[in-house]
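Form predicted alone, single chain, as C-alpha cells, below.
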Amino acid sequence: MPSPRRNADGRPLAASASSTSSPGSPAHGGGGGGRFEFQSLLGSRAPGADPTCARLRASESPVHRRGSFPLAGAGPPQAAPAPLPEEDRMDLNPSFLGIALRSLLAIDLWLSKKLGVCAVESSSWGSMRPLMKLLEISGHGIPWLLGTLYCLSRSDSWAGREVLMNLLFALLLDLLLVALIKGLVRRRRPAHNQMDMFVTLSVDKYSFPSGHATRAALVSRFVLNHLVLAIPLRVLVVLWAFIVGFSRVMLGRHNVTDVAFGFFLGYTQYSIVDYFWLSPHNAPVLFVLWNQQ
C-alpha cells in the first residue's frame, strides 16, 4: 500500500492541510470563500491592473462630471471665460421707464400707420391727398416768410411794421429751432411716407418734430393775440392749426408724437417771442434800417 505524501517537515500532507486550515477556510466549508473571492476581485481591479476600466469609472462618476475633482494628468485647468461686455449682456431687469417708453413708441407707430389714410393714392382716403397737400403748402415756412416780407415792405404804419417785424422774428426762430432739434434727434419719417413734399431742405428727411405743427401753433397764437378778429374767424384760425397738424399724420409725413411735440414747441416759441418783443424802443436799429430801405 503506497505511503501518504509528506511535506518538508515529515508530516503527512493531509494532516498538515487540516491543521493549518482555519474554521473559515474553504476546507471547513465556512463562509470565508466569499471573502476570498471579493478580495481577489478588488486586487484584479487595482489602479495598475486595468487603466481603461479606471478611466471609465472616473468618467462616469457624478463628482467628476461636476468638475469638483478633475482627473490627474488631464492637463492644466482651463481659464474661466471672460465676462461679456456691458452692451452684449441681456438686460433681464429693465426699468419701468424703459418699458413705458417702448410701449408708447409701439403705440405711436401703430396709431400713425392706422391714421395714414392718405399716404398713397391707393389708400382708403387716397382721393383726399390733393387737399391734404394744399394744407401742407398753407403751413410751409417759405410761403409764410415771403408773405411776411411782402407785407412788411408794403406797410406804412409803425404799429403794423412792429407786428410784422416780430412775426418775421418768430418764423426765423421757428425754422432755426426745428432744424436744430431734427438734426439732434434724427428720427426717420414713417416707412409709408412718399418723399414728394413741397420744397424740402436737408433736415426735412427727419421727422421729429413736425415743422408744420410748430408753425401752425406759433402763427395761430400770434394772430389771436395781435389781430382783432371776430369770433368765427378766431375759430377758423384754431381749426386751421389743428387740421394742418392732423394732415401731417394723414399724409404719412409724421408720427403722432411728432405733431404733438410740434404743437407744444410752437406754443412755447410764441412765449419766447413775446418775452423778446422787438419795438422801436428796444431795437431802434432794425426799424431805422427798414425805414431807410
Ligand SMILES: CC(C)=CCC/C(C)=C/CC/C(C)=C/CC/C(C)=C/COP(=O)(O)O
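Bear in mind that the values here come from a model prediction, so they are computed numbers and not experimental data. A residue's number is simply how far along the shown sequence it sits, counting from 1.
Here the subject shifts to the form predicted together with the named molecule, a form of this protein not shown in this document.
Task: The single option of 132, 175, 164, 219 touching the named molecule in the predicted bound form, heavy atom within 4.5 Å - done: In short, 175.
Open item on the list: Going by heavy atom distances of 4.5 angstroms or less, which of 95, 200, 103, 124 would be at the interface with the named molecule in the predicted bound form?
Closed with: Only one option qualifies, and that one is 200.
- [ ] Please check if residue 187 has a heavy atom lying within 4.5 Å of any heavy atom of the named molecule in the predicted bound form.
- [x] It does not: once the named molecule is placed as it appears in the predicted bound form, residue 187 has no heavy atom within 4.5 Å of it.
- [ ] Decide whether residue 141 counts as a contact residue for the named molecule in the predicted bound form under a heavy atom distance cut-off of 4.5 Å.
- [x] Although the named molecule is absent here, residue 141 would touch it in the predicted bound form, with heavy atoms inside 4.5 Å.
Open item on the list: Within 4.5 Å, heavy atoms only: does residue 204 come near the named molecule in the predicted bound form?
Closed with: Result yes; residue 204 sits at the interface with the named molecule in the predicted bound form.
Task: 4.5 Å heavy atom contact, residue 223 and the named molecule in the predicted bound form - done: Although the named molecule is absent here, residue 223 would stay clear of it in the predicted bound form, with no heavy atoms inside 4.5 Å.
Open item on the list: Partner absent here, but in the predicted bound form, which of 113-121, 95-103, 142-150, 156-164 has residues with a heavy atom within 4.5 Å of the named molecule?
Closed with: Flagged stretch: 142-150.
Task: Contact set, 99-130 vs the named molecule in the predicted bound form - heavy atom within 4.5 angstroms - done: Sequence-ordered list is empty.
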